[in-house]
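Given next, in structure tokens, is a single chain: the form predicted alone.
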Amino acid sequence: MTPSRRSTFLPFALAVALLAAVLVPLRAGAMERNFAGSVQLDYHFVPTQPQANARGIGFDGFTTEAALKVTADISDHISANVKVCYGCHGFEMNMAYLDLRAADELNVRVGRFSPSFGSFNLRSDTANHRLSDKPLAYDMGRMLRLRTWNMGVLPSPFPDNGVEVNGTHWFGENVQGDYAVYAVSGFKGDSNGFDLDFEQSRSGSLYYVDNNARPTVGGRAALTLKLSPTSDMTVGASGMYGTFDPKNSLSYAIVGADLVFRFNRTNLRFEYLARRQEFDTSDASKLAYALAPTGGNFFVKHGAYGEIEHPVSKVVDVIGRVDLLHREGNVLRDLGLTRTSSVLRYTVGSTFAIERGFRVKASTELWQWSDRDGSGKNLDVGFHLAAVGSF
């Protein structure tokens, strides 16, 4: 089998193996296993683009996202998780790790996983959030002008190889503390690169290994306060730092803060992320602006969102979100951005529960850009209609 065919065949074979592992009957006394999954079909329509075709600035039409996950409790202290997902990027090994639990306060995770960062990462699966697309800070391909912006601040999920130590501790009955620290391979890019190359970070053709043998380190801390029997508040802070080029000379640092309120079944969420990104300056002719005498070899990308989710009945939820991206610093020529560029998006949506485990999503988006496109427009409108099922 040729390498190209092998790289296409292996994800399918893995998915079949996952299903087979679930369907094989369990023997008495065997390990406990659980199988779960989700599938979403979304239709994206952007009428403000020429001929209502947005393919030049993003993905429109039908797209499918799917995930299959198997968990196994090997013993009282060891469990395993394996997850395969499918989306615009094709098949991806999203999880393959072991958890070794010494206590609630001490768990060691080794293998391939998404490091703990922010609040949205916990519900990044399409079955766990009510809108068709992710917040711009965590966008992984659904935003308009995605290639111009090179997606969001921290595309989610972001599976990586490494080790994480995490735990939970209760302070009395009303306060819960969570922490995580980790060392992972980190994001990748070229030695003369201007930004992170997320395709390199996710590509099996590069063997899913580090490109500079230097880990990215990071962590998260969160505190949850129980306000009443049906209400709580969670506040968290996250950060990571590493280098992304083969020469180990260009660094990136990402920080984030999140605040979540739950009042009965109503959820109110706020989150902010920022990434400071160094870039290569050996060829200044590629840049749109002259280099500053000092400190001109980096840019900063900010992302934030506020979101409210409220059930109006047993079958209908409504969602409102305002999110933004803002970028400051030098930029490549002809990219379509300026020294300070931003995008603000307003989204209103709803979900309809058809049956248990099956919902229909509908949403409308208004995009407002600081930089006009080739036709002089700085506004876009998008519509999403999706069906999602979990099992």
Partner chain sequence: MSSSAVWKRARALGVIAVVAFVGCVTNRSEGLDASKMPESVRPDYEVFAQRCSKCHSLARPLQSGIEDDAFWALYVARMRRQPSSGISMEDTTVILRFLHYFSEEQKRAKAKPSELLVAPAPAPAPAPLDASAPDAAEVAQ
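Just so it is clear, the structure is predicted and the values come from calculations on it, not from any experiment. Residue numbers count along the first chain shown, from 1.
Below, we refer to the form predicted in complex with the partner chain, which is not included among the displayed structures.
Novice: Even though the partner chain is not shown here, does it sit in the model of the complex so that 131, 205 and 307 each have a heavy atom within 4.5 Å?
Specialist: No.
Novice: Counting only non-hydrogen atoms, choose the one of 308-316, 280-288, 142-150, 189-197 that falls within 4.5 Å of the partner chain in the model of the complex.
Specialist: Of the options, only 308-316 has residues within 4.5 Å of the partner.
Novice: I'd like to know if residue 365 sits close to the partner chain in the model of the complex, meaning any non-hydrogen atom pair within 4.5 angstroms.
Specialist: Contact check for residue 365: no, nothing within 4.5 Å of the partner chain in the model of the complex.
Novice: Since only the chain is shown here, I'm wondering whether residue 342 would be in contact with the partner chain in the model of the complex (any heavy atom pair within 4.5 Å).
Specialist: Because no heavy atom of residue 342 falls inside 4.5 Å of the partner chain in the model of the complex, the answer is no.
Novice: Would you please decide whether residue 293 lies within 4.5 angstroms of the partner chain in the model of the complex, comparing each non-hydrogen atom pair?
Specialist: Because no heavy atom of residue 293 falls inside 4.5 Å of the partner chain in the model of the complex, the answer is no.
Novice: Although the partner chain is absent from this view, report whether residue 125 comes within 4.5 Å of it in the model of the complex, heavy atoms only.
Specialist: Although the partner chain is absent here, residue 125 would touch it in the model of the complex, with heavy atoms inside 4.5 Å.
Novice: Considering the partner chain in the model of the complex, which of 161, 297, 176, 212 comes within 4.5 Å of it through any heavy atom?
Specialist: Spelling it out, the residue with a heavy atom inside the cut-off is 176.
Novice: Heavy atom within 4.5 Å of the partner chain in the model of the complex: which residues of 337-359 meet that condition, in order?
Specialist: The stretch 337-359, when checked against the partner chain in the model of the complex, contributes 352, 353, 354, 355, 356, 357, 358, 359 at the 4.5 Å heavy-atom cut-off.
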